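Take a look at this one chain, the form predicted alone, written out in C-alpha cells.
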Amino acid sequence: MTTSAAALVLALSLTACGGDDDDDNASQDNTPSGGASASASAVSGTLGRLQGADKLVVGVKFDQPGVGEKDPATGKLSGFDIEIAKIIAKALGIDSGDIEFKETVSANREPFIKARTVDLVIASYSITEERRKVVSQAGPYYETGQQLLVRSDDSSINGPDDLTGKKVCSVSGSTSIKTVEEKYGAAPAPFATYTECVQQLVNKSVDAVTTDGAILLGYAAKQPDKVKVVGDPFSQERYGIGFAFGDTQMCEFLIDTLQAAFDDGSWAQAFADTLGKSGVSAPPVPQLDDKC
C-alpha cells in the first residue's frame, strides 16, 4: 500500500468515527462526483464523497500550454496541472480516464469550489491568504514567479534589470506588466492573451513576454527553437490545490499524496513530461505547508 493510499484508508477510518458536519449535508445536495455510493454518506467532506465515486471532477485551465491546455482538434488535455490531477486521482483509487476536467477561469475558481461544481481546482492557482479565507488550498505543489520569455537568439535580456526601454508584452491590466514598467523601466506592450504576446515576440514586434514562469515554460516547450525563458523568478507564486473550505481530512490527504509524489519521483516525471519539454530540469520540490 502506498503512503497516500494508507493515508486515504486512515482518513476514511477516522471520518467514519467522526460526527456530523456541514459538509455531510452539502455533499448530499450537490455532489460533483455523482457516482459516490450511498455508503459514502457515512463519512464526511470531499474525501468521504469520493469514496466509491465513479469520477473525480477537477477544474483546470484550458489555455495554458504546459500547465493546462486543451487541444482544439482532439479535445485532449495536457500539462503539469493535468498530471497532478492524475496523481491525486490514483491515490483516491480513481482511474485517470474517470477524471472529468471542467474548464475554469481565474474568476470562477472560488465560486466553483463553493458551489461544488468541482471537487478540486488544479489551475495555476496561487496560494494566498485572501483565498484561504473562502476556500482551502493544499500545497504548494509547484513554486514559480514572474519571469521573462525572449527569442532564442537574443542574448541581450537575461533578467528584469535588462528591460529598461525594452518593449515587454503581457496581458492587459496584469500586475506583471505594471511591475516591469514601474520597477524596471520597460515599455509596456499589452495584448489580450499570452498567445498573442508570444506571437508578437516571435514576429519581433516586442522584445520580451512576462508572466508566471510556469506559463512561459509551456510556451517555450511548444517552440523551443524560437523562444526561451531567461533569468530567475522575480516574484513568488505558490500553486496549490483548491477544495472546500475547512475540510481538514482532505487537506491532510492531499498533503500526504503530494509528499508521496515528491518522494517516489512521480512529481518529477510529471514535470519532465510537460514543462520539462522546454529544456529545463525539474526544480527542487517545494516545501509543503502543514495546513490548508
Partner chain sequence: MNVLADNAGEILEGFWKTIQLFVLSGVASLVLGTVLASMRVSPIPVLRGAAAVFVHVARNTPLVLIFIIFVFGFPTVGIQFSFFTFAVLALTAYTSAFICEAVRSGINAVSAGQAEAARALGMTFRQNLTLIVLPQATRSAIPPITNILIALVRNTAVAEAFGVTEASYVMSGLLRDHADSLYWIFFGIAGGYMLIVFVLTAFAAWLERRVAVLR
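Only the largest set of C-alpha atoms that superpose within 1.5 Å between the two forms is called the rigid core. Only a predicted model underlies this, so the values are computations on that prediction, with no experimental measurement involved. Numbering follows the first chain given and starts at 1.
FYI, the form predicted in complex with its partner chain isn't displayed, but the following is about it.
- Exactly one listed residue, out of Thr128, Ser156, Ser172, Ser106, brings a non-hydrogen atom to within 4.5 Å of its partner chain in the predicted bound form: Ser172.
- Gln200 is the sole member of Gln200, Ser152, Thr117, Ser96 with a non-hydrogen atom lying within 4.5 angstroms of its partner chain in the predicted bound form.
- Although the partner is absent from this view, Ala192 contacts its partner chain in the predicted bound form, with a non-hydrogen atom inside 4.5 angstroms.
- Its partner chain in the predicted bound form comes within 4.5 Å of no heavy atom belonging to Gly185.
- By the criterion of a heavy atom within 4.5 Å, Lys76 is excluded from the residues contacting its partner chain in the predicted bound form.
- Within 4.5 Å of any heavy atom of its partner chain in the predicted bound form lies no heavy atom of Ala221.
- With the partner omitted here, the stretch from 205-213, 78-86, 156-164, 96-104 that lies within 4.5 Å of its partner chain by heavy atoms in the predicted bound form is 205-213.
- A displacement of less than 2 angstroms separates the C-alpha positions of Gly93 between the shown form and the other one, with the rigid core held in common.
- After superposing the rigid core, the C-alpha of Asp212 moves by less than 2 Å between the shown form and the other one.
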